[in-house]
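The form predicted alone is given below as one chain in structure tokens.
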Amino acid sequence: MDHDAIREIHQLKHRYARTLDTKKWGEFAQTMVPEATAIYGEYLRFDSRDSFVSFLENTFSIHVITQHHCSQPEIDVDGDRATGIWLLADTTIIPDDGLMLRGSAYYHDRYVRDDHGRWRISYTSFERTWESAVDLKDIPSFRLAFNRWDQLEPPASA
């Protein structure tokens, strides 16, 4: 068993989630090879890293708060290739719409070791097991005590 590779893939997936939630799109893109493909949910398919990152950047703008927690990894390494299955627990809050989504899914990933010896994602997908939606008005005591994205100015349009 290649324990170093498994540890590096753990770090890679955690970096994927961290940079997605903190909207560090350049660093997020570097978790994948340029030709990476993705199936996100039931209907969204992407044939390149750039199209996938662009979609996420537009969908999870500063007006959307997300938390992606990946755990329970099952990783198999075969030389410079690997596969992984991860449990995802996620929360999305859309303050402008007064909506909170929570759910669970299983990621199915493929990884490759690049020319510099770094593991990167070559394919990612997830299959939902459940998702719920709550109107924040239904939780009278709900308030955002802190929202990092309220502190930022939206990017100027080109």
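It should be emphasised that the depicted structure is a prediction, and the values quoted were computed from it without experimental measurement. Numbering starts at 1 and follows the sequence shown.
Just so it is clear, the following notes concern the form predicted together with a further copy of the same chain, a form of the same protein that is not shown.
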Exercise for the section: Give a yes or no for residue 75: in the predicted complex, does one of its heavy atoms lie within 4.5 Å of a heavy atom belonging to a further copy of the same chain? Expected result: yes
Practice task
Could you confirm whether residue 106 comes within 4.5 Å of a further copy of the same chain in the predicted complex, counting heavy atoms only?
Solution key: yes
Problem - is_contact(residue 93, a further copy of the same chain) in the predicted complex, heavy atom dist at most 4.5 Å - result: yes
Practice task
Report whether the minimum heavy atom distance between residue 142 and a further copy of the same chain in the predicted complex is within 4.5 Å.
Solution key: yes
Practice task
Answer yes or no: in the predicted complex, does a further copy of the same chain come within 4.5 Å of a heavy atom in every one of 50, 110 and 120?
Solution key: no
Completion exercise
None of 38, 70, 33, 56 but one has a heavy atom within 4.5 Å of a further copy of the same chain in the predicted complex; the exception is 70
Handout entry: a further copy of the same chain in the predicted complex - contacting residues of 3-35, heavy atom within 4.5 Å
Key = 3, 4, 6, 7, 8, 10, 11, 14, 15, 17, 18, 21, 22
